[in-house]
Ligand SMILES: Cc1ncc(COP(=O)(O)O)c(C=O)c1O
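Single chain ahead, by itself, as structure tokens, in the form predicted on its own.
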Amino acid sequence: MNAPNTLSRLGKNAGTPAISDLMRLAFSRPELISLAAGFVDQNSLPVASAESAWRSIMADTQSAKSALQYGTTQGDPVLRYALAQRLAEESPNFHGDAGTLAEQVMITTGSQQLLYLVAEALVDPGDIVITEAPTYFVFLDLLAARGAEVIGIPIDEGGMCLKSLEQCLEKLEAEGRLGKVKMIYSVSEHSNPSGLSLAEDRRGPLVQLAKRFSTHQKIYVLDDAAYRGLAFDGNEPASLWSHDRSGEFVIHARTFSKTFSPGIKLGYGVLPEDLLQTVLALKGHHDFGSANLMQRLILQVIEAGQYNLQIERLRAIYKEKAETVVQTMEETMGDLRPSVRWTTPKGGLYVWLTVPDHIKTSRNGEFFAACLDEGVFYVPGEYCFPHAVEGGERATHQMRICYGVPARDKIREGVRRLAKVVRRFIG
């Protein structure tokens, strides 16, 4: 007898994440030029500084044994203090004490784990999460698995449109559903997928909207700042987190995957005090602490000044790559404006491309298949939209272009192949 398995509700809802399908495609067909994978530049990986940090840790027996032992659930206290100092230095609105702030910092296994833990702590089936539209599609998959209702807020060149956000919250209040809203999610810096950042003059007002509508229960703002630090000119506005003077509403998520190395798989977050212990308890159930050795390695890299040097190096690399994408799009599709248009990033790894709405860029569509035949692929834009979009609908004629992995000559060729298919489908 083959008895059926008895999956939990979460197990049944897990599905197959879109990112897993795209990664499988990339690995199974290495001849394709991938403008999809959000990986970092292979040649940028900091081999020398990682080796130096490793040797420094292993040079002393006691230091080595300490690093090779278990750590704590919240993370290495010296690393947390170093990160608190960095946060204080980059935040002109912060007037507290780094030592106190360090108690609100937790180290995670990449920022993705923090996103998962926050959702696990806050979101029950039927709860509402408000996001940008488009937004980080892996987080959308995570929320779907938890049974959340996700409402997207349109973006423009300045990121999330706050008037639409306000109207959405007012509508939910009128419907008696404001008490279901658990958080507002924003990829605030050089967004995945649009490449755009939340405008400086929208950051404080977004936090104020969350506070104003926290009448039934607190509405948190999840500030996913995975790409903070990667502005091509080195200039970025104060973070969303720094606009939360009381420290009660904003959850700040960061990672070393994009600014140093994804292989060390470390991230960190700053959490409001009333949420921290719950998230730490859940992390304890997951792994009771991220890799202690990797924490010591990144601490050594920071203290040696190598982390800042790596960020400067990445800014230069990604600036050249972004310029290559935009220039090649201009050369191959510039005459097709405004029916074909794209964002011009000022940092990060992404360009958002829009084609005429009769061209469906879906994973199983003719356009995607034609791109595969030409030897190139992308992330379908519809992955990046929740099913409900305030004042609009889920777009099916857009795509995310990532220039992280390919060399510049491959980027040029990949964009040319993509443009060839676009022109064919425009007719």
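For clarity, every value in this text was computed on a predicted model and none was experimentally measured. So that there is no doubt, residue numbering starts at 1 and follows the sequence shown.
A second form of this protein, the form predicted in complex with the named molecule, is not displayed here; the remarks below concern that form.
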Leu115, Asn192 and Ala226 each touching the named molecule in the model of the complex (heavy atom, 4.5 Å): yes
Heavy atom contact within 4.5 Å of the named molecule in the model of the complex, the stretch among 298-306, 208-216, 105-113, 82-90: 105-113
In the model of the complex, the one of His243, Lys265, Arg315, Lys346 near the named molecule [non-hydrogen atom within 4.5 angstroms]: Lys265
Listed residue (Ser257, Thr328, Gln310, Thr354) with a non-hydrogen atom within 4.5 angstroms of the named molecule in the model of the complex: Ser257
Contact label in the model of the complex: Ile153 to the named molecule, heavy atom within 4.5 Å: no
The named molecule contact at Val187 in the model of the complex, heavy atom, 4.5 Å: yes
Contact test in the model of the complex: Tyr220 vs the named molecule, heavy atoms, 4.5 Å: no
4.5 angstroms heavy atom contact with the named molecule in the model of the complex for Phe249: no
Residues within 4.5 Å of the named molecule in the model of the complex, restricted to 132-147 and counted by heavy atom: Tyr136
